[in-house]
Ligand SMILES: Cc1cc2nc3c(=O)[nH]c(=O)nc-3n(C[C@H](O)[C@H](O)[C@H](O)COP(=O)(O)OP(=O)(O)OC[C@H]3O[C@@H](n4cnc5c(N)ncnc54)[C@H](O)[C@@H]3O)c2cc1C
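As a starting point, one isolated chain is supplied in structure tokens, in the form predicted alone.
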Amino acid sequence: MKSYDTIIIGAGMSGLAAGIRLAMFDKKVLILEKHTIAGGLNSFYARKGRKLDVGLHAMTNFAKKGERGKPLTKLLKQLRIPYSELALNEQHRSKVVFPNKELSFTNDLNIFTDEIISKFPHEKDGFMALLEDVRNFNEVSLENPYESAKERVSKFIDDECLREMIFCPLLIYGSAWEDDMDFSQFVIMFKSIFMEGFARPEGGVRRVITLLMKKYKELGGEIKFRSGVSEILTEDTKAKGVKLETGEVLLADKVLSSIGYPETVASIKEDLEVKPRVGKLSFTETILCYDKKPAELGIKDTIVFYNENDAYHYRKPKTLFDEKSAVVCLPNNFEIDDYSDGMIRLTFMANFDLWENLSEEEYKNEKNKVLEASKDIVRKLYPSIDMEPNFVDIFTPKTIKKFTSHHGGTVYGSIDKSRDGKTPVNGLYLIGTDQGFLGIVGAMLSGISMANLHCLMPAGAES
């Protein structure tokens, strides 16, 4: 049986980053991936001659070259990757759209601040105080207690509409909780979206994955595709290695799992007292391609957080999907547009349980309803798009379950996070979503920080 210093389950962003970090220090490391390509929730595919990203609307946490102290800067330093390799292109302008108010923002926080002061002048002092609280909060401390973000933010912002508009992008871009989020997560998301902002690597997520894979292999790291893990092997709550779906056994004293907390626990035969809760948030995604690009029609938006109610209902819908709110992404509208035609992507919150129980014919019909609802929102936001799309693709919570194996087709993982990555099994640690970091940059930082803490520190130092 082969033996390694560390086995990493999942070749997503956190797994690849952790692998690079460990290989950098001459650890014998193996990444196991059940599919044929890397990327996990942020991967890619090709259809009818088009190269399409999965999951990636934009990278958050933008930083300019040389900016110190930013998550992206720290990430690249830890992985020893030059900034120029990412070929990042900044967004034009994004906005939050509610029935009677709109708030625009760019990668310049001053734009967002001016928008709020202009449209909510009575909340100027409160918003400035909230900014100060966010700046002074250590969101990555492993010692932070869980705290309701809505309760804390309400101490600064009285206007319910403004609170809902601030929370809208942060919730749908990262919360496993319904209608709220932990304050540490709030600060992470607030900084990554409003204070740092959106960018897109030229060539999309392929560039990031190709870059990470190249770095990992150059450092001597090993990766096995089509290698799903059927069991995490333990003895007396101590990790021993893994058993693959093929029956092959691989040994390691340290195992890093990026597949999610509930999914990790379900892979262990020992009876553990901990039962992590499965998150309820899943989504549909519609990709529409058009003969004309947004810029040709005078459209400059990059991402729109659209909501038809005065309140933002971030929760598992009682219907198959919630067409009353959506994320509308226009990937052409970054500094450089490398797409051959115009593209719009729409994300709806969805109910996995209802999608899971559809017959084949019902499934097809409901996907058509998602398509029509998506086109309706496009027409509401952009009447100048008066043409039918020339290409359509749709995925649902069932698609998410199929390609991620996440229980309930959840995207943001368990309601229960492990900030320090620890599980009840000694030597088994979480990385990625259920360690608490989200997004491409956050996932990679999770992999790096957990690898540093649990696999590179001297024995006993982590405690």
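Numbers follow the displayed sequence, beginning with 1. Just so it is clear, the structure is predicted and the values come from calculations on it, not from any experiment.
Another form exists, predicted together with this ligand; not displayed. Remarks below refer to it.
- Between 22-30, 426-434, 66-74, 44-52, the stretch whose residues reach within 4.5 angstroms of this ligand in the predicted complex through a non-hydrogen atom is 426-434.
- Out of the listed residues T106, N307, N89, S227, S227 is the one that sits within 4.5 Å of this ligand in the predicted complex by at least one heavy atom.
- Among residues of the shown chain, I259 is one whose heavy atoms approach this ligand to within 4.5 Å in the predicted complex.
- Within 4.5 Å of any heavy atom of this ligand in the predicted complex lies no heavy atom of L445.
- Among heavy atoms of R419, none comes within 4.5 Å of this ligand in the predicted complex.
- In the predicted complex, D182 stays away from this ligand, with no heavy atom inside 4.5 Å.
- Shown here without this ligand, the chain has I9, G10, A11, G12, M13, S14, G15 in 1-15 lying with a heavy atom within 4.5 Å of that partner in the predicted complex.
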